[in-house]
Ligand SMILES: Nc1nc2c(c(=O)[nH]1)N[C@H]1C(S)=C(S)[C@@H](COP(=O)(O)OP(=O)(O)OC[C@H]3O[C@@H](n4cnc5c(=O)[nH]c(N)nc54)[C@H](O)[C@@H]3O)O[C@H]1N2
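Just the one chain here, the form predicted alone, laid out as structure tokens.
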């Protein structure tokens, strides 16, 4: 038996270092690598079953060509040469007749490797096609808010929690998305450090915390401003730090904070004024308070302002200046690599851009030219995008030539003309950088691909050569591409030393850097003002739904089915259970609904049917739907059918949590 070091490539901030045990060319066990300090020798309950993902009977093993109506899932097997010949012939004909903008291609979050994900995007950049503005369905609003406040740099090192004297999980479901940070937090709690969880849902972390604050959706900025109000009132603000390292706080103090008294913040957030006072006192007394900020608090109409205001809080007490204090949203921005070597090897400087969350609209309405060909790798927009009914209508166009590269027959793949079998991360090699820690690592291929599956990298390089592209990166091996990623970057690490597959950290035990235009933490952001956005932190009420739709949707990751990348493992589907929705007992009783029955969630965009759970883990007025589940697992539909494709206030992001609906008994 051999043991091979590799890296989990799933879209998760922890980026686990793994040991894969291989016997006779087959994976028999996956475990965490004990030599990685942060992931600390264990993998989550999903990843430690990834050998079942590799060997799932549902894997695609050969290229397929559609034989029935789009969406029907009717396909016939073809050879790779037949598939590639048809793709290249169709693309070349479109470029000749309509120009390259008639093609749209992208790879997104199901594979986090910088080569397998990045070079696929580089292919379409080099071809001059329409370009996807990726990430707007997930993190663009949060990143825009963070960058306007702290700058394009990572936040506090999660390993610094060993030096923290107060930890706040703010809108972050640690067990679902950051389980290794949870393990670190548990270690320091043994020494008396308290954990506070602020979340609209009573998550597992909230149940285990020292104190749980059940905040209303979208009111986090009001709570943060209320805490600032008390810190100033009670002389707990670090005036020296504010004067030297921040910009605009005096204006916030004068024009904003007087409006956020404890009583008003209590009305907004649903928390008591006493609890708000206590939270501020705890925070003001701490020297190194650490806030783990979740992306979810940014996914509504005023989401950028929401997250930005929470990110400002550590500046009031100077916590950003001390190791163990501050806040962390993500760390990816601190990895100064030459990403453009693979993402933009050549091609025009500008081209038509399609916002990720507006894919359905673009497929249905784009002109001059219309999108006539679509390539999708490592993504399932027919489930994960907002307004998925519009996505599926676009994918159903008979004149749209669609190619999907995926390990499984997803809802998106069922609408394709050509489906290509993709490897999992365990069947390819790549280089990874975390977005929730400061580790990077080279992941070796563990086993040969199942069936005729190809990696994104192999497919991309083959298509590039067939399309006549001559950029050197389309002929490089993964170790050669690794050198290109480091060439001209700002990380002083010899890439050759990474090939042994061990994790390397770029963390420094220092306070927070600010890379804003002023070089300071910006309470006042001129960049936002120039964009027409509010330059000061504030809170605005969310527009209410129509009278017919009084309930607000809250979507969160599932513990065993966080997204459809794990759908191929039957055991994990069973652990998660059938797709379900949660209502507070009061809301269920007023509608005559009981635990376990099928219910219909509906609004003017459509209806979905899910199993009901009646629990008090959410507040009245909220419908919780955990996980992104394919509609074939539900009674009917997938929840994002109910979500609109409107924009957040920053970063042109998706507004999933601004969805209003009603719940009734299903027929």
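Positions refer to the first chain, counted from 1. On a predicted model such as this, the values are computed, not experimentally measured, just so you know.
The same protein has a further form, the form predicted together with the named molecule, not shown here; the description that follows concerns it.
- Across the options 374 to 382, 230 to 238, 577 to 585, 503 to 511, residues that bring heavy atoms within 4.5 Å of the named molecule in the predicted bound form belong to 374 to 382.
- Here the marked residues 397, 549 and 606 all miss the named molecule in the predicted bound form; none has a heavy atom within 4.5 angstroms.
- 408 is the sole member of 323, 408, 182, 438 with a non-hydrogen atom within 4.5 Å of the named molecule in the predicted bound form.
- Of the candidates 522, 429, 157, 173, 173 is the one whose heavy atoms come within 4.5 Å of the named molecule in the predicted bound form; the others do not.
- Shown alone here, residue 304 lies farther than 4.5 Å from the named molecule in the predicted bound form, counting heavy atoms only.
- The named molecule in the predicted bound form comes within 4.5 Å of no heavy atom belonging to residue 387.
- Interface membership of residue 201, defined by any non-hydrogen atom within 4.5 Å of the named molecule in the predicted bound form, is confirmed.
- A residue is said to contact a partner when one of its heavy atoms sits within 4.5 Å of a partner heavy atom; residue 486 fails this definition for the named molecule in the predicted bound form, lying far away.
- Scanning 8 to 36 for heavy atoms within 4.5 Å of the named molecule in the predicted bound form gives 11, 12, 13 in sequence order.
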